[in-house]
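Just one chain follows, in the form predicted on its own, and it is written as structure tokens.
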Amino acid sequence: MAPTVTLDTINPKVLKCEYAVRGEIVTLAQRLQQELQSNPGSHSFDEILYCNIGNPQSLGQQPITFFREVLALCDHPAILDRSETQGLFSADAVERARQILDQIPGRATGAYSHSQGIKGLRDTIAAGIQAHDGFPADPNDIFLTDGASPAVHMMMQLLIRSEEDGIFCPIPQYPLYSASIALHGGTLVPYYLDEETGWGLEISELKKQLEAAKSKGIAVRALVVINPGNPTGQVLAEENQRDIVEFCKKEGLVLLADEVYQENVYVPEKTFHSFKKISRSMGYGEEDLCLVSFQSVSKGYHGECGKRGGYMEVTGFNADIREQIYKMASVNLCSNISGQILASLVMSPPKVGDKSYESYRAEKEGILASLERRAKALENAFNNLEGVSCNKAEGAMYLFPRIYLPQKAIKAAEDANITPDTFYCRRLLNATGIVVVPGAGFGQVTGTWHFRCTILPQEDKIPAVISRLTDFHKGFMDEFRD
């Protein structure tokens, strides 16, 4: 009997879903890596540099010592009372681990928790949000999740009823959004960021796209804002944020605020402000705006991607809807406990006077300062290449340079049946071992070409990345010069 599961018989929403940051370029990179391992010297480069995804520790970033000490003690509480522990772990890490274990039923990180996450950890996170924003936060509004991604999926599942429901997404956007909208059967309604003004978000563009969606019979349910931006790296100005809040309130849209890069701001003239803080400072409360704010332990200075910790803060929804969100969380039982603990530590790190404070501050500031230098070095390098322009890296972990490709290169891409930016990225990988993601995977204005490059290779490797990229680009432009 022939297989009953074929591409024609699986869920068409899965076929429609794409996720570029782990797409075909990465598959090719993994094959090249295997070739280098089995046959050293088989290529002109000796390692693959993964600049395709925001995965800091895979590229050598070290975890924050205090966070890992607390995690280790929570996972193996039997060592808390051993004499040698005092010499191996800082006193405040021991104390924090005891406090956290007291909040966990059974003092066991291997047990399920409440579906929203451990109550004591949610208390800590709510207190951290309140300290950051200056406005009250309720632990019952916090849903701890395995990174921010499941929280995004949960909200898409809640809001999307059919293809006639639309979700506003920035273009360029992080492919999680296009993928989750496709998987849940909705329609992505694009709004284009203005590259000429540093990837600005214009309210006039939102109004234009909203009317266009309505004319097609699409009911727009929510607006996704990524701040700081991914892949574009811009940081929104306060005035712009106020305009966005007003727009969502006026149009009755749920505001989905992706704020996972809030610690990653690299320019003195910009400051991160949460949309919750902005909306509350405007005098808007629960009854005025449905707002979901996403945070993750994967980004910032901590970069704990593999620990899968994050949360969403859900405000402005009535009790009936809250009950439905809780039901969805319950289906997944709970998020992993290590990620929950890390989320609480990120929102309540060592304070002045704590035994670990100075080492914690030095580690944090060292990582963020290095990221800022790397961002600037790569930004300058891209802007020094022929036919490349790159906006300022204000925040996040990426640059999204525009490449003006010769007509011969565009024709060669067409002949290969791939987009011109994919053609460029594939050639870059084969020549240098550097993995970047074509702009097509994030969305871009028709007729423009980009790629996303992380700023995450360790600082001592950045000159080599720049050198390899510069040499490749010069050769590429010479080869395809019109």
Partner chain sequence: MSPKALDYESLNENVKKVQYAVRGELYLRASELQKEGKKIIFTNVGNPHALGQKPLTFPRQVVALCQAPFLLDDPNVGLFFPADAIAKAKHYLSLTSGGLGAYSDSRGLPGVRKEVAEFIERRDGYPSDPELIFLTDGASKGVMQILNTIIRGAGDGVLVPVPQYPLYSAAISLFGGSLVPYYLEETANWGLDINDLRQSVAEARSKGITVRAMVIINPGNPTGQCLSESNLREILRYCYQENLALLGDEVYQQNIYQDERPFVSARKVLMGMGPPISKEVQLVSFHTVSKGYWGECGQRGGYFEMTNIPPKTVDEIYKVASVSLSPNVPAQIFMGLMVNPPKPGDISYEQFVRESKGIIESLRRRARMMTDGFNSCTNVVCNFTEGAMYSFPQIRLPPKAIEAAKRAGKVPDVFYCLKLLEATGISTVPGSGFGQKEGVFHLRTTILPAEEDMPEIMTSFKKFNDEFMEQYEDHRGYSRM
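Residue numbers count along the first chain shown, from 1. Predicted model, so just to flag it, every value in this text is computed and none were measured.
The same protein has a further form, the form predicted together with the partner chain, not shown here; the description that follows concerns it.
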Legend entry - Proximity of residue 102 to the partner chain in the predicted complex, heavy atoms at 4.5 Å: no
Legend entry - Residue contact check: residue 55 to the partner chain in the predicted complex, 4.5 Å heavy atom: yes
Inset, instruction - Determine whether any heavy atom of residue 303 comes within 4.5 Å of a heavy atom of the partner chain in the predicted complex, and answer yes or no. - result: yes
Inset, instruction - Give a yes/no on whether residue 69 approaches the partner chain to within 4.5 Å in the predicted complex, heavy atoms considered. - result: yes
Inset, instruction - Report the residue, out of 158, 381, 312, 245, that has at least one non-hydrogen atom within 4.5 angstroms of the partner chain in the predicted complex. - result: 158
Legend entry - Of 362, 331, 131, 352, the one that lies within 4.5 Å of the partner chain in the predicted complex (heavy atoms): 331
Inset, instruction - Look at the stretches 387-395, 175-183, 229-237, 408-416 and give the one with heavy atoms within 4.5 Å of the partner chain in the predicted complex. - result: 175-183
Inset, instruction - Check each residue of 451-482 against the partner chain in the predicted complex and list those with a heavy atom within 4.5 Å, in sequence order. - result: none
